[in-house]
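Only one chain is given next, in structure tokens, and it is the form predicted on its own.
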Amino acid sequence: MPTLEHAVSEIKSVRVQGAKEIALYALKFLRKVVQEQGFEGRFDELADALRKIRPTAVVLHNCIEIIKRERKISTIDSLIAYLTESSEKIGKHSDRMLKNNITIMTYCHSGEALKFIKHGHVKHEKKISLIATVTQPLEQGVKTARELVQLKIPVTLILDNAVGFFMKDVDAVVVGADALRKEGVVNKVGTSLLAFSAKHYHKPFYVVANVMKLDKRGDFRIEERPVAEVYRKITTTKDFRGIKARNPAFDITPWKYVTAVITDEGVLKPSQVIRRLK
């Protein structure tokens, strides 16, 4: 069985990335723990340690809260099944949400957003082209580009700071989410800049997220990652001593910039999401 240290390393290093994917990885790890030790062993300790690694992403938090109320392996299995199947349900909405011959701008690497786009291309035979941002500092957008070009979807890779330049050429923006809060959509830092630009150019801004991402936590903070990711030399070169660097991993896009949230339970207006968060 993988150790807690290995699981922490996989999530913290972003080798396992995305709120849903982090939850699936952690749930499978916890299931093995319960199989060997039961719920009376170290389950609570390990579960709490895992959800603290990426504190902004809410899916794992919500799953653990459910498991703590219903302490059964079948509960873990149901959650794994739900998360696995939710993307397929989300993808089905691409038929009516994506027109033919559409150019989409996306950001970072979201399994759910990509499933939505892929479903439109493969299942509904929509002609789709994509503009993907590199997504600094870890370049998750490059992963998105590689993944979609394998399906023969035309992809143009751009720098993050070219979003405004290209926004006039797209038909819609499609992004994922790590959490849906009353303040807005929590996603990879820089997402809000796409939303602001989309609003300026009158382009629809779609968020793709399963309903387990509804976040009612009172205690919430934006994760900040190592400053070395901002500029590798900043912690190793004497010339940069005295410079303060910050590296927030997420930002919040206010609901007024969101056109719709595409979920496994249907396409929701921002007002409908806000009502469910009360």
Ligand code: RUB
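Residues carry their position along the shown sequence, with the first being 1. Bear in mind that the values here come from a model prediction, so they are computed numbers and not experimental data.
Omitted from view is the form predicted in complex with ligand RUB, to which the following refers.
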Is residue 181 one of the residues lying within 4.5 Å of ligand RUB in the predicted bound form, judged by heavy atom distances?
-> no
Any chance residue 94 has a heavy atom within 4.5 Å of ligand RUB in the predicted bound form?
-> no
Mark residue 14 yes when one of its heavy atoms lies within 4.5 Å of a heavy atom of ligand RUB in the predicted bound form, and no otherwise.
-> yes
Given that the partner is absent here, does residue 29 sit within 4.5 Å of ligand RUB in the predicted bound form, heavy atoms only?
-> no
Here the chain appears without its partner; judged in the predicted bound form, the stretch of 146-154, 163-171, 73-81, 101-109 with heavy atoms within 4.5 Å of ligand RUB is 101-109
Would you say all of 19, 140 and 188 touch ligand RUB in the predicted bound form, counting a heavy atom within 4.5 Å as a touch?
-> yes
Note that ligand RUB is not shown here; using its position in the predicted bound form, name the residues of 190-221 with a heavy atom within 4.5 Å of it, in sequence order.
-> 213
